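Shown next as structure tokens: one chain only, the form predicted on its own.
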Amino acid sequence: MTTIPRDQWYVAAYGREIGHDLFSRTICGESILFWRTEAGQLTAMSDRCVHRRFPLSQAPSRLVGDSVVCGYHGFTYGADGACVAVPGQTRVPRTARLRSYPVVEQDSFVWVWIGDPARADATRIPRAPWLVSPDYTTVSGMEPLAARFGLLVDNLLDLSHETYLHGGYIGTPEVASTPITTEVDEAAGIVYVSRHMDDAECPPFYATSTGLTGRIARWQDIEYTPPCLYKLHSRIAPVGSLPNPDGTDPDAFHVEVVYAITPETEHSTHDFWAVARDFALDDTSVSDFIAEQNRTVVLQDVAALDVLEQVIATEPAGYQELSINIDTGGLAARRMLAAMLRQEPATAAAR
């Protein structure tokens, strides 16, 4: 039984990854071929020829202008996925068409719709505008995770693990000891989890990047839109500093941490991460430091979750996990994901 909601938008790539070359990535168990036409238009279609299933991303398959030529038998497809030529005959079979996928480029991400194309609504794609804002500088990357995507959702909605798993980077004692508040906006489909530390140790990640020393005020405000987009609004400021009544916050440093949590298969995940900041915008040394530090943190999560996936795969039937107050955000996310699965047409859930 699938755990992946399918009538949803998922991040397939960063826009920078896709050019006028054949690019393939597996999303929700489906191998999808991406490329840009000579005019720059994004395309997304099934990455296997309708004839004998040969992957169109595999050499010697190639692009000729705006057509893809299969490297096995020469079936040729246009940018809309329709077959335009077959070997040895002039008639193209009516059913010779690759499945095409709705695709949208937004906020540096390439989003693809996996489910019923008739249900694709681009206005439902959650935003992360900091990633392309001139008022922020962003570093980003992606790491493969050999674990189900729900484990990464649990991980990111319970940041108390920073204290133990990420000590020396972003973890301090206050993260685990400070209570959280959790809110669920059912209408908007968003889970909010907040932890405000008004007097906390400054971890190396922020001490080096901001220059703050000693104790700090550190706020973590999470906004998760199932199934794919997670945003952590981080505020770092001197102790006692508060935003102004009009919302301006000149004494603070703001970091927007964005994760796109995209299932590759039922038991593997594409872990896209991006960190945008509103300070030291042109300082490449800060960018290099944040990129290296955040990738290290992501890889610590990857190592832990890869182990956890193996533990779950071999545990005895009927095992019951224990949840506590810090899990309220993750449990709310699980409920919303389960509701998405229940609401999908039976044919989509069974695919």
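Here the structure is a predicted model, which means the values were calculated and not measured. From 1 onward, residues are counted along the sequence shown.
There is another form of the same protein, the form predicted together with a further copy of the same chain; it is not shown, and what comes next is about it.
- Among 93, 117, 168, 129, the residue placing a heavy atom within 4.5 Å of a further copy of the same chain in the model of the complex is 93.
- The single contact residue among 27, 305, 286, 297, judged by any heavy atom lying within 4.5 Å of a further copy of the same chain in the model of the complex, is 305.
- The stretch in contact with a further copy of the same chain in the model of the complex, judged by heavy atoms within 4.5 Å, is 71-79, chosen from 108-116, 71-79, 212-220, 243-251.
- The shortest heavy atom separation between residue 41 and a further copy of the same chain in the model of the complex exceeds 4.5 Å.
- Taking the partner from elsewhere, residue 338 is found to have every heavy atom lying beyond 4.5 Å of a further copy of the same chain in the model of the complex.
- A residue is said to contact a partner when one of its heavy atoms sits within 4.5 Å of a partner heavy atom; residue 312 meets this definition for a further copy of the same chain in the model of the complex.
- a further copy of the same chain in the model of the complex comes within 4.5 Å of no heavy atom belonging to residue 194.
- Contact with a further copy of the same chain in the model of the complex holds for all three of 158, 161 and 179, each having a heavy atom within 4.5 Å.
- Applying a 4.5 Å heavy atom cutoff to a further copy of the same chain in the model of the complex picks out 48, 49, 50, 51, 52, 53, 54, 55, 58, 60, 69, 70, 71, 72, 73, 74, 75 from 46-76, in order along the sequence.
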